[in-house]
Ligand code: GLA
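Take a look at this single chain in structure tokens; it is the form predicted on its own.
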Amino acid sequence: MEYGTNINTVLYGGDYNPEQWPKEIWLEDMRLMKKAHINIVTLNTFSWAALQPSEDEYCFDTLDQIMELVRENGLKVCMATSTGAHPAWMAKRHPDILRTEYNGMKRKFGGRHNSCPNSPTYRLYAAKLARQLAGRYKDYDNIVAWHISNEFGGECYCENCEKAFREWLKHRFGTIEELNRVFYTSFWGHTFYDWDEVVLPNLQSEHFMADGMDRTMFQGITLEYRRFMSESMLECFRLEYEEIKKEMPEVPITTNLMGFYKPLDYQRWAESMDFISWDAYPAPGDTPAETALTHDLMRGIKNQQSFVLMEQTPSVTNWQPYNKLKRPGQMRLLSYQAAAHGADAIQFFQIRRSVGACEKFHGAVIDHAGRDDTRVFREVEQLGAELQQLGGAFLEGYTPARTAIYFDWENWWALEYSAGPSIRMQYLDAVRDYYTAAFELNIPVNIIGMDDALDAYQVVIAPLLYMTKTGIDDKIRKFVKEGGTFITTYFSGIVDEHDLVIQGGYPGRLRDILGIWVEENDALPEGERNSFLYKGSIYPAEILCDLMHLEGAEALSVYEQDFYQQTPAVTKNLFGKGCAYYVGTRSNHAFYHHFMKDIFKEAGISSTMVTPNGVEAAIRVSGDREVLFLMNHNAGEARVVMNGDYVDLLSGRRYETGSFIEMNGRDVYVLENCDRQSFIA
């Protein structure tokens, strides 16, 4: 991650909105931030209305004062462009800027993410504001990054988008004949004869609601609109990016992503971002593995580079159905978990709690009481002191993973738009099944995209690889032939990148690698299950059971019930110097833990450290330094036996091989390996 220049410590701070407060409070904010060891603030996130009161009028007086104040107090700045919410006057004078909802309803002014990404008005004024800001503040050397808009989102289905979509399709496919082929419009007589006959897919055209879910009758056009809308918003990001770079070419630019945010293909977005930043708001019921997985995704979308945790709450959210407080120590634990998985900056939303509107009960460093002796402030202060002490111990560190999991947004879209075989098939569930097993075994995992190289990995997992894009099978084939272990699952290898079924039998282009042929898919309703025996234990087969034939593979397990009992459920195929596994159904947590433990043993991949349940061990390697994070996600105590010689970077205490650490509930230890060579598996 390149977060400005000459950064040799973890950046620690958050979203600061002094424009919401009288000026006499600003100096107190400076005192409190200094006490909490905060060294960076994100400014100007939602100030467009204040900065631009009319068409050609700009007013930077308040922002000028804020910028001078933070510079005088030694704070670095991540400067936002404010374009996440346009001014009311703009909506009144230029109604083309307003979004149209999925159901065809034209919005009025209000909320945020309310701008059509294909509106000429939005694109003109957003780029112009970015240029004005960059030109005005380009001489401030404490600006270490730029932050465009805020949490991009808000799809649009207006006439501007429909016209732009037609042009996008024309550029993408060239001829109307090719468009008809990839959309398979011969079905139901949907053939197009001219580009202006194409309508965008929403509830007014190809979509409908069934079983409480959004469904589409023509997956091809819906898939393309997903691609188009993600790219449309990315173009808005690029417009502002280019204007800033004209004035401040050396300062890196980002926007805050949102983890597994389905509408936007973040793997494509990452190509245009100087570094990744994202907002982590795990739900109270999320497991430590689910949170770690999202961090690993954010690290993975830009070639495993470290990232910025742009937002987290120090205490509580306000927008979930039940907004449970983070327990004592939990904020510190989650912050270090982010660092362990690639974060080089830890930031909060927000510094001071708002007094009105929809986020007045969202947590903040400075609460409504305005005191420095609250539980939350003391925890923020403690973490700030620790991060200051750690300095650059793990900055720019990488995760030495030999296991990778494929994740692809377009596969996600296509799979869950599929008309059958089961509405219960969820891409993220399948990814979590395998990731959680590795997480609990303390096996580091990289999340990779379809364009990433496989050379560094011994095990590659592709859960629910429904869409096999052109060339991906060749990459996997080469990987396995050269000695790699490949794992995929039920309902994989089904369609190409246009959501057209690959002929010749499932799993299509993966058939020779896996050594199987899938003839049918049995979708089991909720409450129904089959079962299979794996190495002496019975495990459930749920959601989907692939009925398959062996074509060179070995059956490791067979179904135990129904007309397809004794047919393969889990298979292994030797292929070149490597092997490929196919898990033809979805099972439970116990199976994935058992199965993946066997896979890692066979592949020669060992755990970072053997720990009790609920204690995570993760490492980052930075230059010749190797830092181990031990994180107790349990509320109670846990004992960890050390597998090497370490020094605690916070207390200075040394631990030798065989010694143990008694960890309190939700405690964290940050340790440096004294013998780096003994640590790498």
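These numbers were taken from a predicted model, which means no experiment stands behind them. The numbering used is simple: start at 1 and walk along the sequence shown.
Another form exists, predicted together with this ligand; not displayed. Remarks below refer to it.
Visitor: Using a 4.5 Å heavy atom cut-off, which residue among Glu542, Glu155, Glu151, Glu416 comes into contact with this ligand in the predicted complex?
Guide: It is Glu151.
Visitor: Trp319, Tyr193, Trp188, Phe563: which sits within 4.5 Å of this ligand in the predicted complex by any heavy atom?
Guide: Here the answer is residue option Trp319.
Visitor: Would you check, heavy atoms only and a 4.5 Å threshold, whether Arg529 touches this ligand in the predicted complex?
Guide: Arg529 lies outside the contact set for this ligand.
Visitor: So in the predicted complex, is this ligand close enough to Arg227 to count as touching (4.5 Å, heavy atoms)?
Guide: Taking the distances in the predicted complex, the answer for Arg227 is no, it never comes within 4.5 Å of this ligand.
Visitor: Find out whether any non-hydrogen atom of Trp48 is located within 4.5 angstroms of this ligand in the predicted complex, and reply yes or no.
Guide: Judged by the heavy-atom cut-off of 4.5 Å, Trp48 is well away from this ligand in the predicted complex.
Visitor: Is there any non-hydrogen atom of Asn256 lying within 4.5 Å of this ligand in the predicted complex?
Guide: Yes, Asn256 is a contact residue.
Visitor: Sort through 230-238, 279-287, 180-188, 468-476 and report the only stretch with a non-hydrogen atom within 4.5 Å of this ligand in the predicted complex.
Guide: The contacting stretch is 279-287.
Visitor: At 4.5 Å, heavy atom to heavy atom, what parts of 108-139 sit next to this ligand in the predicted complex? List them in sequence order, or say none.
Guide: Read in sequence order, the lone residue that approaches this ligand (within 4.5 Å, in the predicted complex) is Arg112.
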